[in-house]
Ligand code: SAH
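Read the single chain below, which is given as structure tokens and is the form predicted alone.
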Amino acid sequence: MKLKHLAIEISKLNGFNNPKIELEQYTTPGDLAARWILMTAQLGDLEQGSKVLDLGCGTGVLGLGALIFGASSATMVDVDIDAIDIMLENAKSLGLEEKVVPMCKKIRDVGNIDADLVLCNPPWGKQKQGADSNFIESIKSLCLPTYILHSSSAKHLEAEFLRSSWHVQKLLSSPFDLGAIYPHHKKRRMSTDATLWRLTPP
């Protein structure tokens, strides 16, 4: 699948109606999500028929993008029922609802999931320090190849996984468009720098 086609399909998906600042809800841009998904395929972690786990799925950009690529199923986990509802609407619009397994629960309560890889864009801790800690612990517990997007200024992620003997690979850094969706955003368009990491268990 070509990058441009995948990016167009992902960009058609509905975003958050009323994003919650406490959950740091931002939609991953379609072009970045498409690059991310194709990179997982190029590195051999996403294949036709793969089972994907999208941790903190939001409106479903990553998991649904993987399904568009050819994954067989996507378990979509988010604490916010409103996000889950939008994700299910997006899945239905693509005719992929039967391949989606929705889970509305806290990340620390996920437990073991039958999956081949994890896709994750967690809260970066800009509103609440340590907001990503449950995601990190869940990823360690799942012990699956993981592709995670985080703030380029975050130093703890790489250190945390190296301490646990995981292989850590920096794949790309890219501007992440924040839009102007929250009251504290003073400009029409805002962006920050994000880094995509590949984490593989020991």
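Counting begins at 1, following the sequence as shown. Every value quoted in this text rests on a predicted model; they were computed, and no experiment measured them.
There is another form of the same protein, the form predicted together with the named molecule; it is not shown, and what comes next is about it.
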| query | finding |
| --- | --- |
| Distance check, V79 to the named molecule in the predicted complex, heavy atom within 4.5 Å | yes |
| Heavy atom of A66 within 4.5 Å of the named molecule in the predicted complex | no |
| Non-hydrogen atom contact Y26 with the named molecule in the predicted complex at 4.5 angstroms | yes |
| Close approach of L96 to the named molecule in the predicted complex, 4.5 Å, heavy atom | no |
| Listed residue that, although the named molecule is not shown, lies within 4.5 Å of it in the predicted complex (heavy atoms), from I148, L46, I139, V61 | V61 |
| Answer option from I107, A91, I113, L117, heavy atom within 4.5 Å of the named molecule in the predicted complex | I107 |
| The named molecule in the predicted complex - contacting residues of 128-144, heavy atom within 4.5 Å | F135 |
